[in-house]
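Below, in C-alpha cells: the form predicted on its own, a single chain.
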C-alpha cells in the first residue's frame, strides 16, 4: 500500500525502527517487507494538490478552502466521506491519482452548518469506490483533496506506530538505535530510588522511606507517572488485544522484547503493568496516586531531568483503577503462563487486595500537597471507579459479590475518560456476556451499550461533518473524546452488527486523520498535513526537526489555557478550530498515553471488523 507521509518525515521514519514496525503488519497481523515505510512512502507536499483547471482560473476558488478527508485512506469496504466547503458545486468526482482518470462521480449533500466549527459544508459520499489504489476527490471551484489510499492494510502501519509511541515514552529505559533509530536516547529516570512523600507516609513506610518503582510510561509531554491515567490507557491496550488478538499476534514492533513468544502489544503493556504493581503498598494494598518530581521538568531530555522523585498519597481512585487494570490483565495474560509464570495469579491477588483497601477507605480523594506542583488527576466522584473495578473483578474471578457491588441498575454507560470510567466496565461485560455467571443481566448489559451507541450514531447521522463530536465535546484532549466515542460505537457494532455503528466509528478515525475543521491529521508522521510540534519534551529537546511518530495530539479546545505563554496566536477561538500546532500549546497540542491508547484500539478495530 502507499502510506502518504510528508517527505520531511521520511528519513526519520526509515531510521527509527518503524521500517521494522511496518514489516509484518499486514491486514491479518502478518505481511511482507513490501509494506515497510522505506518502500511505501510517497512524496507529499504540506498543501493540497493543485486545483482542477477550472478552479485554478479563479482566485475565488482559493478562498473556498479545502476538501477535508482522512488523509491516510480507507479499507475497501469502509464508509468513505469527505467534507466540502459549501459553494455553487452540486457534484464531485473521484480521480485515480496515478492515471488521472475519473472513477466515480456523485452528488453533494445540501449545505448545512456545523455549529462546532461555524462552517457551512456539503458532504461527498464515495463509499462505493472500493478498488485498491490511490485517489483524490475533486469539486469544481475548490482545491483538490489530498491524495488518499484504498487498501486492505491501510491502517496496519498506523496501528503499529501508535503502539510503538508507548515504547518511545518508556521510563527507566535506554532506547537503542536498533529499535529507536534517530530517536535513540540514554536511560532516564531509573526510579530505583524513590522517596515516600509525607502525604503517602504510613507506619510501615514513614516519610523518606526509599522504594524502587521503575519502568512505566511517561504520562504525557512531562516525565511523571500517574496511576489514574495509566489505568484507562493500559486497559484500552489490553482491551484491544482481548477483542482483536488476530491483529496483534504476529505483529513485530521492533521493540527489545520482540520475538519472546508474547505479542509485542502485551510486551509493551507489561512495561507499564510492572510499574503499576510497584506502586501498591504491600503492607495494606493501597496504591500511590503518582510518582513525580516536585515540579515539572524543563525542556530537556529524560536523562537530563535529575530531580528527586516521590510517590505521593494513596487515593481511592488510584487504588480502584489499579484493581480494575490488574483484574483485566490477569485474565488477558493467563494464556501466557509458560512465559510469565505466576503473573496472572499475582495480578488478581493484587487487584483483590486493592479492592479491599478501597472498600475500607471509600472516600480518599487526591489533595495536592503544597510542595508538589505536577499534574493532579483529582476526582471527587468515585462511584464510576468502584463500578469499573467491580465489573473487571467479577469477570475475572466469577465472584457474584463483585457484580452486586457494581450496582448495575444504578450505573449507566458513558463515553470513557480518565475521570469517568463507567463505560469501561460495560465494554468488558459486553465482551464477556456469554461467559458470565447467572447473576449477570445480559439484556441490561446489551441495552447499556446499545443505548449509548445509538445516541452517538444519531448524532453522527445528523452531523453536517458526519461526525459524533458536538460543540460541548471540545474539551481538553478532545481527540480522545472522539476516539472514546468510536470505542463505544465499536461495541455496539460487535453486539448487534448494525452497520451504521461501524460507519460512525470509522468517521471518528477519519476525524483525527484529517476530516476535521483544522484540515490536519493529528497523528505525528501520518498524513500530508500532520502535527509537527507536539508538546512533548523528547520531541522538542532532541534536536531533531521531526516529532517522534505515532503520537496523537490532544486536539482543539477553546479554553486556550496556554495562550499567554505562546509567542504565536491560536488561529481561531471557535471550538473545533481552536488548535495550535506549536510546542508551547500544552492545552491543545500535548500528547498523552490515555489519548494514544484509544487510537490503537480504534485503528485495530476498523481493520478487524470492516467486512472484506
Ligand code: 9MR
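If you're wondering where the values come from, they're calculated on a predicted model, not measured in any experiment. Positions refer to the first chain, counted from 1.
Here the subject shifts to the form predicted together with the ligand, a form of this protein not shown in this document.
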item: Interface membership of residue 412, the ligand in the predicted complex, 4.5 Å heavy atom rule; value: no
item: Touches the ligand in the predicted complex: residue 104 (any heavy atom, 4.5 Å); value: no
item: Partner proximity in the predicted complex: residue 586 to the ligand, non-hydrogen atom cutoff 4.5 Å; value: yes
item: Residue 222: touches the ligand in the predicted complex, heavy atom cutoff 4.5 angstroms; value: yes
item: Partner-contacting position among 448, 422, 331, 537 - heavy atom within 4.5 Å of the ligand in the predicted complex; value: 537
item: Candidate stretches 529-537, 357-365, 253-261, 448-456, one within 4.5 Å of the ligand in the predicted complex by heavy atom; value: 529-537
item: Residues in 278-312 close to the ligand in the predicted complex, defined by a heavy atom within 4.5 Å, in order; value: 296
